[in-house]
Structure formats: structure tokens, C-alpha cells
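Just one chain is shown here, as C-alpha cells, and it is the form predicted alone.
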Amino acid sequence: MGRPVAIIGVGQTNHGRRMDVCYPDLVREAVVRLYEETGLNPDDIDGVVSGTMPSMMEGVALTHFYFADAMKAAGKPILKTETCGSTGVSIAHTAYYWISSGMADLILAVGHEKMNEGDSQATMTTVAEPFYQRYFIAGAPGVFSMQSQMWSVRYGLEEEKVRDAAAFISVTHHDSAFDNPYAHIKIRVSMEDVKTARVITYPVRLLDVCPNSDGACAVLFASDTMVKKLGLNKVAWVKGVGYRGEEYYFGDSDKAVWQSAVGAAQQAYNMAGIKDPRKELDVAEVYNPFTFQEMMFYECFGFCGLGEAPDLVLKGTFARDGELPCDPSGGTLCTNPIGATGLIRTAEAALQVMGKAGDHQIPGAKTALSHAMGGVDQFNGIMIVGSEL
């Protein structure tokens, strides 16, 4: 085991269609907010980890150099980490291991994306292997609609019950976004609105899908030595990390019981000493770009048994006032600057255990799980944080 590592500060932009700023200024906004919150400055840090969706999304190569000034990283070592949708949690893991290894004491992690200046759907449709997968996956919605159907058929779930549960998730997360000052989509929707919205790729409808967002997130990681030196009391200690990948081709692995998600969670639970996640976690920030997929993650992470998620969702088990609140920030469903999205999940988990989540704070939260999924539907990563070392 390496050295203990904590998250000591978070900075986010206001996420949305940010045509008011250029891309570097968007990144700068998150970094400046982090330094203002922590009272530290760029001279204090030992290095930077940066990442976006693969560079084709930006149309800019070597983005870690392009944004070096915006990240106030000139003269510092910079590592670039990119794993598509899971980029944010990969950045967090890179920063964690850099410090845990003993090579640094303060590392700035920055994820960012300005999706409204590019064509994200074209990128995600054409990034797949061209001779076999590209013709039928139709980008992210195509992949995840197939996955949701595979899951519901596997367990013989009633179509209307699954549809109701997905709509319930959409309604609750869109409501939660109003309590998050940084969230992108803030609209009041009803179950009927969700269930009658236009079909994107069946059974996924418009209000089951995350938006294209512009935004950035900065998170500051510190060694236990630095935490003591700075005299900090409210920090988020990294208790467990897990990351797994699997076969590249969509049809070559079981996506109904997603083994990379199961394995990543189990690795993190083993490290954190968690045996019963639904009882021992106080809050979870699950990467939820699609409502149906969120229910699958509940099962893969051991929050409930296989095929049980729709019933528990409709009972309110995972609502903000439920047994295990999930995505009280509104989640990816309401805010999705892809390169930053997974890091936002980690940032929100850290804010919860530090008691700094504002109007969407879960009272008494001491242990929180954050998650992101990516690659071409084959990577899953977890980071668990707690208020105590």
C-alpha cells in the first residue's frame, strides 16, 4: 500500500452552453475557483494531470500543452490521461497514484470539454472500429439502448415497470439539478413527459439522455503529510480505487452483468473494507448518461440483486431521501462535459463527505462512491472517499 491521499479542494465551472468564453478561459475558470477555495497558488503544486475526450472531439492535438497556461501549469510536469467517457475517473486515479507512490505531495487534476464547438455525436459514431462495429452501434445511444434491452430481457423484466423506473430516475435527477449551482440542464419534468418524449434509439427517449455540455472541473489531491502541514480538517480521504477493462468489441462481453463494472467496484470495496455497499455507503455519484444504464450499475455495484433495480428505484431506495442516495447533484444526466464528467463525480463525492455540497448535501454523509464509464463501452472506474482516514 502507498501513502494516504486526500482530496482537499474542488473547483467547477458553471456548466452548459458556454459560448461566452473561449475554451482556455473555460478551463481557467475551474482552476481559479479551486485556488480561491483552497487559498493555495500554482507555485505550491508538484504537477498536473489533464484530460479530455480523445483529441478529435476538440480538434486540437496535445491539449495538455494547449491548456498549460489556463491550468497555470507552466514549468510543472504534466501528465495527459484520456479514456473517453471514463477520462475523469482516470485523471483522478492518475493523480492518486502519483501521490500515493511518494513522487509528489500536491497534484492538480483537471478535466474539461467544450462539446458545443464540435460534433460529439459524429466523433462517437466514427471512433468505433470501421469494418464491423461502426455500422450498427450508432454512437453512444445505440450501444446503450442495446445494452438496456439485453439487461431487461436477461431478467425477464416487465417493459412498463422498467420504463416507469427510468422515468422516475429522470424526474428525480432533473429536480436535483436545481439544487446544484453548476448543473447544466435545469428543467421540471413529469413521468409522463419522460415517457412520451421522442425516441432516440428505442427504448431510450430524449429525457433519458445526458446533454452536450461545456465545462471543466479541477480537483486538488494531497498527501497525508501535506494535509497535516496545511492544518486541514475537512478533507476527503481516498479509501478505495478500482479500474477494469474488457473486450473491445461490443458483442464479445456480457453487458447485462457488466464484468468491468463488477470488477472495478469489488477492487475498490476490498481496498476500502466495504462488505455491504448499500449499508456502508452514504451517497453515490454513479455515471449515468442514460437512465436505463444507471439501474444496471446499481446491480453491478452490489447496491441490489440482479434484476431488482427497477422495483427499488420505484420504492425510492436510491432517491435523495432514500436508503442510498444516488446522484444528488443531478449527475451526468443533467451535466456532461465528457472529459470532465467523471472527475465531477469524484468532486461531488468529495464535497459530500467534506460537508460542502450546499443545497444538495446529504446530511451526515461520511463515505461516498464515485464512478465513470468509458472507452468504447469497455472501461469502468471507481473511487471511494471518506471523511476519516
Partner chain sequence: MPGKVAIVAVAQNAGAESKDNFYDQAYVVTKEVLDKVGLTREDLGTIVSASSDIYHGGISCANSYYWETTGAFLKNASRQDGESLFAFFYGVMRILTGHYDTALIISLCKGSENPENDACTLMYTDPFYTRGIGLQETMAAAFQMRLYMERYGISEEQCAKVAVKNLQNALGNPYAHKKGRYTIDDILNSERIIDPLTAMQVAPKSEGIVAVLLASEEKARELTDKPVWFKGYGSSLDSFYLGDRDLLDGQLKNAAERAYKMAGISNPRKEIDLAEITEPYAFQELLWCEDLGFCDTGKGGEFIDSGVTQKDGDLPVNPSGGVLANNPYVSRGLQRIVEATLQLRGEAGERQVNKEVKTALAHGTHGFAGQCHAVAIIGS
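Numbering follows the first chain given and starts at 1. Because the structure is a prediction, the values reported are computed rather than measured.
Quick note: we don't show the form predicted together with its partner chain, though the next part is all about it.
*Asks:* Report whether all of 62, 79 and 260 sit within 4.5 Å of its partner chain in the predicted complex, measuring from non-hydrogen atoms.
*Replies:* Checking in the predicted complex: 62, 79 and 260 are all within 4.5 Å of its partner chain.
*Asks:* With a 4.5 Å heavy atom cut-off, would you call residue 11 a contact of its partner chain in the predicted complex?
*Replies:* No.
*Asks:* Check whether residue 84 has any heavy atom within 4.5 Å of a heavy atom of its partner chain in the predicted complex, and answer yes or no.
*Replies:* Residue 84: contacts its partner chain in the predicted complex.
*Asks:* Check residue 244 for me: does it contact its partner chain in the predicted complex (non-hydrogen atoms, 4.5 angstroms)?
*Replies:* Taking the distances in the predicted complex, the answer for residue 244 is yes, it comes within 4.5 Å of its partner chain.
*Asks:* Given that its partner chain is not shown alongside this chain, does residue 103 nevertheless sit within 4.5 Å of it in the predicted complex, heavy atom to heavy atom?
*Replies:* Residue 103: contacts its partner chain in the predicted complex.
*Asks:* Using heavy atoms only and a 4.5 Å cut-off, determine which of 90, 176, 170, 213 is in contact with its partner chain in the predicted complex.
*Replies:* Checking each option against its partner chain in the predicted complex, the one that comes within 4.5 Å is 90.
*Asks:* Select from the listed residues 324, 40, 362, 68 the one whose heavy atoms reach within 4.5 Å of its partner chain in the predicted complex.
*Replies:* For this set of options, the contacting one is 68.
*Asks:* Thinking of its partner chain in the predicted complex, which stretch from 219-227, 186-194, 312-320, 123-131 has heavy atoms inside 4.5 Å of it?
*Replies:* Of the options, only 123-131 has residues within 4.5 Å of the partner.
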